[in-house]
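Take a look at this one chain, the form predicted on its own, written out in structure tokens.
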């Protein structure tokens, strides 16, 4: 990442409220045109980061540089940012057009400029012709688009969105999320959005910054974070994982090692460097990596089927092998597997599907 590509830079950013450290020494760069998700559990500090960027809160330490300008202590109205709040913060006594024009009026734009920009912004979010509607006459998805139009009307340097899809039902989330991503890409506008929902982050973001307890845990695209978590928090938070306490027994050939999960349950997995001094480890196994068969194969283990849950596109298997409980998942086949009706099955876990945390 070169300096020419960086549009927003957060350097050693910290914010505390009394004894509570909401953001701790956080550094992060966003490139021009990038859509970045701040992902993490509730109360982890991600909304505070958004407020610090917007100027709604001031940091105790650190620096915020936007397009080469130091905006760390600038007032919100001088930062040229578009902010879409979680509850949209629309004015019910104003029409759609008046809501979109609000920021332009506050900046003293002429009536002709306001009219032109309101029309353009409503066209961008596909709400043309609704300028005279009242907010209560709109659906949730339409209200969200009004809030986005208001943020875009001022032609911001950066678009900030706080939980943009959380108020929508499941069907509308998918449709609106795709429309939002298409709009961001069409405008090539740098965007940061906060979410606690990894499905939203995976669907909308070019890159994800995973936050916990005010600290940056990992950044990367969805594939990198899903398959290569840097620590146990990321492994627990992203997707579903089998996390198994284990002990290193011995190193073997081909960069592998033997790990003991129970006296009767041993697995071969990557040999992590320096694990010799700390033989106690945690093995992470994704449910979809566990191979299930109805017949015994080489190196396979016998498992008892505790429960089977069908969820449409996938089937979840809850298993117990050598006293160890595991969750496995498979895509639903055209014809249900025989395993659905058996009390036992055979499982196989490839070594390269196991991540070792020392």
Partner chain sequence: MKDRPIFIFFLAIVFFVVIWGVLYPNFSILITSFQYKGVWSLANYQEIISSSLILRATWNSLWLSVLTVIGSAIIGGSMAMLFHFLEFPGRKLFSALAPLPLLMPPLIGVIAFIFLYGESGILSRLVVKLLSLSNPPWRLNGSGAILAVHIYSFYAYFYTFISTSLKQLDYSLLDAARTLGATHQQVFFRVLLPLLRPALIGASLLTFMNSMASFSAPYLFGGGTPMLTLQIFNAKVNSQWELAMAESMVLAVISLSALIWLTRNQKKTIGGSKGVSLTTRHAIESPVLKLLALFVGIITVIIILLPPLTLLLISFAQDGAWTMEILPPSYTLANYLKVFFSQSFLEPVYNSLVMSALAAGAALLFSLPASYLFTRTSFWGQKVLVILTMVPWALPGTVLGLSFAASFNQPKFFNAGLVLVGTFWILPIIYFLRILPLVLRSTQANLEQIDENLESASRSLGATFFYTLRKVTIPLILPGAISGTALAFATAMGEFVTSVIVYVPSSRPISIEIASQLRAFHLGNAAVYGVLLTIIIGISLIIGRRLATLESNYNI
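Positions refer to the first chain, counted from 1. As the structure is a prediction and not an experimental result, all values here were calculated from the model.
Beyond the structure shown, there is the form predicted in complex with the partner chain, which is absent from this document and is the topic of what follows.
Novice: Exactly one of 93, 250, 111, 278 has a non-hydrogen atom within 4.5 Å of the partner chain in the predicted complex; which residue is it?
Specialist: None of the other options qualify; the answer is 93.
Novice: Taking the partner chain in the predicted complex as the reference, which of 105, 178, 128, 115 has a non-hydrogen atom within 4.5 Å?
Specialist: Only one option qualifies, and that one is 105.
Novice: Just one of 133-141, 278-286, 187-195, 220-228 has heavy atoms within 4.5 Å of the partner chain in the predicted complex; which?
Specialist: Selected range: 133-141.
Novice: Residue 215: heavy atom within 4.5 Å of the partner chain in the predicted complex?
Specialist: Contact with the partner chain, no.
Novice: Quick one: does residue 87 come within 4.5 Å of the partner chain in the predicted complex, counting heavy atoms only?
Specialist: Result yes; residue 87 sits at the interface with the partner chain in the predicted complex.
Novice: So, in the predicted complex, is residue 208 in contact with the partner chain at a 4.5 angstroms heavy atom limit?
Specialist: Although the partner chain is absent here, residue 208 would stay clear of it in the predicted complex, with no heavy atoms inside 4.5 Å.
Novice: Should residue 239 be counted as a contact of the partner chain in the predicted complex, where contact means heavy atoms within 4.5 Å?
Specialist: Residue 239 lies outside the contact set for the partner chain.
Novice: Counting only heavy atoms, which residues in 52-90 are within 4.5 Å of the partner chain in the predicted complex?
Specialist: Contacting residues: 56, 75, 76, 77, 81, 83, 85, 87, 89, 90.
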